[in-house]
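This document opens with one chain alone, in structure tokens, the form predicted alone.
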């Protein structure tokens, strides 16, 4: 047998062996658990992240419509995934491997936990483990919101329990809409504990230019959320789409003959309908 065939066979064996190896998380990572309760809000947040970052490969949980890749990304609602601990899932999402991206560079801890909360929502037998908070420091974060009219920016200040600026806090800002929350952006506070977000003055607000602003912040195991109605866009005047287009809106300018004709026609139509309804019993009796 030619030598190059042995070489190809050896390379193929190494290739398949590499993909056949089971992906295991380090032992010290397996017992890692979230201190946040996996409630409906965090599951919803995780669902949005899943749609944006995970669905293209893993498909919709329980549908087994994942991409045909090697190794297979698999359905995240499967027993193979659900039998792993929260710590294992957290590690794999954060660290990545091969075709699995390293999401630790793009997502903070709370976002990764929200993804796990969403994945666990497809496991009816799952029970969230209670965290051991002994020795864990949970920072107390206070959020102050303001709007700078000069540059059209939302200004978020993060403070600690003593009212001092808290730097290096991950902050996300949203605008509350009718069909969900619109993400304004994600930022990290500077050394003064301040983060800025651009706001388009053409975004639709109410008649006074107010919008419901939602800001979420996290640092380590600490998190905070605030919702505030703020005047951040230009005031708008809402008008009916048919204003000035129907008869009643311009009745003062309409000629009298048109008004009389319209009302006469309306009376005639309703009179005919009433006459028919009243005459139905007689018709039925005669037949």
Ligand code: HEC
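Numbering follows the first chain given and starts at 1. Not measured: the values here are computed from a predicted model.
Below, we refer to the form predicted together with this ligand, which is not included among the displayed structures.
For this session: Report the stretch among 55-63, 226-234, 255-263, 34-42 that approaches this ligand in the predicted bound form to within 4.5 Å, counting heavy atoms only.
Result: Selected stretch: 55-63.
Exercise. Just to confirm, residue 48 within 4.5 Å of this ligand in the predicted bound form by heavy atoms?
Worked result: Answer no; every heavy atom of residue 48 is more than 4.5 Å from this ligand in the predicted bound form.
For this session: Spell out, yes or no, whether the shortest heavy atom distance between residue 203 and this ligand in the predicted bound form is within 4.5 Å.
Result: No, residue 203 stays farther than 4.5 Å from this ligand in the predicted bound form.
Exercise. Is there a non-hydrogen atom of residue 92 within 4.5 angstroms of a non-hydrogen atom of this ligand in the predicted bound form?
Worked result: Looking in the predicted bound form, residue contacts with this ligand include residue 92, since a heavy atom lies within 4.5 Å.
Exercise. For residue 139, is any heavy atom within 4.5 Å of this ligand in the predicted bound form, or not?
Worked result: Close contact is absent here: in the predicted bound form, residue 139 is far from this ligand, nothing within 4.5 Å, heavy atoms only.
Exercise. Here the chain is shown alone; which of 71, 165, 209, 185 has a heavy atom within 4.5 Å of this ligand in the predicted bound form?
Worked result: It is 71.
For this session: Name the single residue among 159, 194, 100, 214 that comes within 4.5 Å of this ligand in the predicted bound form, judging by heavy atoms.
Result: Contact residue from the list: 100.
Problem set entry | Site check 80, 84 and 115: each within 4.5 Å of this ligand in the predicted bound form by heavy atom | Yes: each residue has a heavy atom within 4.5 Å of the partner.
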